[in-house]
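This document starts with one chain, in the form predicted on its own, laid out as structure tokens.
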């Protein structure tokens, strides 16, 4: 099975694209809703929570895990890959969403232009990690990065305030500086934000490309499995979709279907602190 780990519900937008790209595969989703959001916590705590989630999913039989959380896909992921996996699960792998999101966004970049300006919005922890900056600079030293921490969006999205006037007002405030800096491409650097993709595109206008991170990551996951047949053959392909949460399971199913765009019939509540 393939595990998908997120701090809350936002990773369900990625699971939807993974399911569309790889319909025959079995997926296990874990939302750590009880401790969300991760973005306002220390790197030490984020790593601890991420490690607990990864261990839980491996114990459930996952061969590969996608950390569908930008905050955990920055510094904590590096530590997971370079230390935790080598020590406890050397035959398995954990991937993040930042690198494939950057690779997908770069497809819209004009390499001959002198003004490739990338805007990024996300949690405070993601913006402070500079992970996006580093990945973009690896692919093109010409890009200019403009970032904006947007801490109010995750709580609003988790409450289901997608079409509320207050949410749109806050979005306009957050996006104002990026529009004024005339960015060409906007990265939604949090797995929750794709549910606001159309709203954000409407605010920034057609002159700014709002990258579709879930689709980009799904395409690169499919490519990864093609390039690693030895890992692909170990992954269960029984079309299962299993959901876990660390908080209220009824709320997870009710609100989660807005992200997953399909009914979520069964959810199990678990405790990662045990």
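Since we're looking at a predicted model, the values are computed, not measured. Numbering follows the first chain given and starts at 1.
This next part talks about the form predicted together with ligand DGL, which is not shown.
Asker: Can you say which of 173 to 181, 122 to 130, 195 to 203, 138 to 146 gets within 4.5 Å of ligand DGL in the predicted bound form, counting heavy atoms only?
Answerer: Selected range: 122 to 130.
Asker: Quick one: does residue 105 come within 4.5 Å of ligand DGL in the predicted bound form, counting heavy atoms only?
Answerer: Looking in the predicted bound form, residue contacts with ligand DGL do not include residue 105, since no heavy atom lies within 4.5 Å.
Asker: Can you check whether residue 190 is within 4.5 Å of ligand DGL in the predicted bound form, heavy atom basis?
Answerer: Within the cut-off, so yes.
Asker: Applying a 4.5 Å heavy atom distance criterion, does residue 214 contact ligand DGL in the predicted bound form?
Answerer: No, no contact at 4.5 Å.
Asker: Is residue 38 close enough to ligand DGL in the predicted bound form to count, meaning some heavy atom within 4.5 Å?
Answerer: Yes, contact at 4.5 Å.
Asker: Of 118, 154, 80, 95, which one comes within 4.5 Å of ligand DGL in the predicted bound form, counting heavy atoms only?
Answerer: Checked against the cut-off, the match is 154.
Asker: Which residues, if any, of 66 to 103 lie within 4.5 Å of ligand DGL in the predicted bound form when only heavy atoms count?
Answerer: The stretch touches the partner through 69, 70, 71.
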